[in-house]
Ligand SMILES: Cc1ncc(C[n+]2csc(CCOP(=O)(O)OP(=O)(O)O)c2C)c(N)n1
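Presented as structure tokens, the chain that follows is alone, the form predicted on its own.
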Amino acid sequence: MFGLKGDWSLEVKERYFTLQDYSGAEPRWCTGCGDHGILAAVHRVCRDSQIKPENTVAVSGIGCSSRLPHYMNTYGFHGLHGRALPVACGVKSRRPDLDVWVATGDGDCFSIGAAHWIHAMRYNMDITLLVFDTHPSGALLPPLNPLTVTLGVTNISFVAQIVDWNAPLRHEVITKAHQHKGTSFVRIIQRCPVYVESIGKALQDEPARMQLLTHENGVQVDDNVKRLFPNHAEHDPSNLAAALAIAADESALPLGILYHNPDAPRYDMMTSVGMEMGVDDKLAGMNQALDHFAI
């Protein structure tokens, strides 16, 4: 036909994504719930990074925090109680090209999902893990310390803690966590205005109970943010022993990045080897490996 190009390829123009491109259903969390601020931070980090929504996956378990995938205009998986991390690891294992976020709660992660929490940290896949902790005081027995437990796991690479009500610090830490290549563990002390309002209110009213950790390789915030915290200290996040000591000190709640090791090996880099192979090549490789056991 005359007047038509022989090349039928479609030119795909670069897109710029706004906050609205990452916003899903209208959040139905309670008024005053800290989850709203965390969701806003995730939307903003995605926007700033210009991640394609179709290349993003939000995975969760069960609980208020785990409604987050419904409020993301991305792919999502609302899993079983305590099982968000194995789902996320499975997604990352087979689709290492996707940007994977995990939203989980203190019970979902530290209680019923504790075994998955430990091993997911050791796998160190490239996942951003946000733990919404509404009950940091624990249960009747002395509670697990999520920071010391995580810091004690082999092959961890990123451990941080924030509060939901300080927006600049919240955004800075979640941004650093998302930029990190490996499993980024971020514990978020989160306000619940319905069941445990007293916990968040007490911390907001007594900022001296918290300690801001700053460092050129960690969190960097302006003086306006620092003034909100009477206690702050320089902490090198590459120092694991110092991170453990800070996490174990119950006199103050550390906020910022406790540990960062960008060189820790990632399991998703190992599981993705050979993914480009065809079925015939995979079968040939399996048969060759099994031949070593032939009698």
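Note that the structure is predicted; figures quoted are calculated from it, not measured. In this text, residue numbers run from 1 along the sequence as written.
In what follows, reference is made to the form predicted together with this ligand, a form of this protein that is not presented.
Contact annotation: this ligand lies within 4.5 Å of heavy atoms from the stretch 60-68 in the model of the complex, the single such stretch among 43-51, 235-243, 60-68, 248-256.
Interface residue remark: Arg209 is not counted as part of the site for this ligand in the model of the complex, having no heavy atom within 4.5 Å. Though the partner is left out of this view, Ala167 does not reach within 4.5 Å of this ligand in the model of the complex, counting heavy atoms only. Under a 4.5 angstroms non-hydrogen atom cutoff, this ligand in the model of the complex has Gly105 among its neighbouring residues.
Using a 4.5 angstroms threshold between heavy atoms, Ile199 stays clear of this ligand in the model of the complex. The partner is absent here, but in the model of the complex a heavy atom of Thr134, alone among Thr74, Thr128, Ser157, Thr134, sits within 4.5 Å of this ligand. Interface residue among Leu144, Leu203, Ile112, Ile118 relative to this ligand in the model of the complex, by the heavy atom within 4.5 Å criterion: Ile112.
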